[in-house]
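In structure tokens, one chain follows: the form predicted alone.
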């Protein structure tokens, strides 16, 4: 009898502990279920139906996925998103690192420079896109006015396929490089000054100190930065929607904008849900690769 009573007390104590943990987790779990898990499951369910703005029309099974995989548009626009990633990631990582190295030095107005570089990041994507939309205007944009003043040929920044991509890259780098700089700056603060003092005693040059102390010390932050920028680049939408509207033609149309057009322009929400599901699986694959590399580094 005493053993049963003791077991009962243990069970009640365990249940009380679990309920207390759930109570503390509830402010996080409830929004997670309502705004992430439920919409995800709902989207997967819609992807198996023919769905319009009026609601469900009929069950089509894997029909939307078959249409998605047999057509070339999905993979074409997925490549467009990859192309943007290939353009922006090396630039933003390199420039963010250089800015972090610059503002780490003891220079006049050091805090002011840090704030100036980071300031664009606090603005919304729509504000940034409209600013650069005016800057890249073919007739009255600031960049073409400067080129014309210098006697150089003007550029059709937003109507030429190659220039349009670089316009989006420039706007995106200007917007987010401050955030990259701050993360690199935090990584630099974690490197022990004793290592640099020892290198100075040994007569190491600035290049060797960067090569053998700074760069290895920043590698954990570097990997996180690269994968973060890859994921952010694959989700490109706002700059394209406002600055080029996917043009010229479909040159700058990305996978996210393709899903948006399929659902809200063509009124094919079932197919758009299938596209979103496939893209979600692809992003999970990217996240798995990220976890593999980071975990291998930790081991």
Partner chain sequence: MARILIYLLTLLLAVVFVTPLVWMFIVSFKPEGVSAITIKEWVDFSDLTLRNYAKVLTESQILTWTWNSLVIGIITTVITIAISSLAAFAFSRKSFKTKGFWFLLCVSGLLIPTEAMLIPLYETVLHIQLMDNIWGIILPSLTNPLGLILIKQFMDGLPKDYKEAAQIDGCKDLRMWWSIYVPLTRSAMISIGIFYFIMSWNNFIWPYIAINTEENMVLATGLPTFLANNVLHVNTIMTASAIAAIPTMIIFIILQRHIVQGVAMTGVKG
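Here the structure is a predicted model, which is why all the values come from computation and not from measurement. Positions refer to the first chain, counted from 1.
Heads up, the form predicted in complex with the partner chain isn't pictured, but that's what we're talking about next.
Engineer: Quick one: find which of 128-136, 155-163, 211-219, 69-77 has residues within 4.5 Å of the partner chain in the predicted bound form by heavy atom distance.
Structural biologist: In short, 128-136.
Engineer: Among 85, 226, 123, 204, which has at least one heavy atom within 4.5 Å of the partner chain in the predicted bound form?
Structural biologist: Of the candidates 85, 226, 123, 204, 123 is the one lying within 4.5 Å of the partner chain in the predicted bound form.
Engineer: Just to confirm, residue 238 within 4.5 Å of the partner chain in the predicted bound form by heavy atoms?
Structural biologist: Within the cut-off, so yes.
Engineer: Residue-level question: is residue 287 within 4.5 Å of the partner chain in the predicted bound form, judged on heavy atoms?
Structural biologist: Yes, residue 287 sits close enough to the partner chain in the predicted bound form that at least one of its heavy atoms falls within 4.5 Å.
Engineer: With a 4.5 Å heavy atom cut-off, would you call residue 247 a contact of the partner chain in the predicted bound form?
Structural biologist: Residue 247: no, not in contact with the partner chain in the predicted bound form.
Engineer: Check whether residue 264 has any heavy atom within 4.5 Å of a heavy atom of the partner chain in the predicted bound form, and answer yes or no.
Structural biologist: Yes - in the predicted bound form, heavy atoms of residue 264 and the partner chain come within 4.5 Å of each other.
Engineer: Need the contact residues for 38-67: heavy atom within 4.5 Å of the partner chain in the predicted bound form, sequence order, or none if there are none.
Structural biologist: Going through 38-67 in order - heavy atoms within 4.5 Å of the partner chain in the predicted bound form - the hits are 38, 39, 40, 42, 43, 46, 51, 53.
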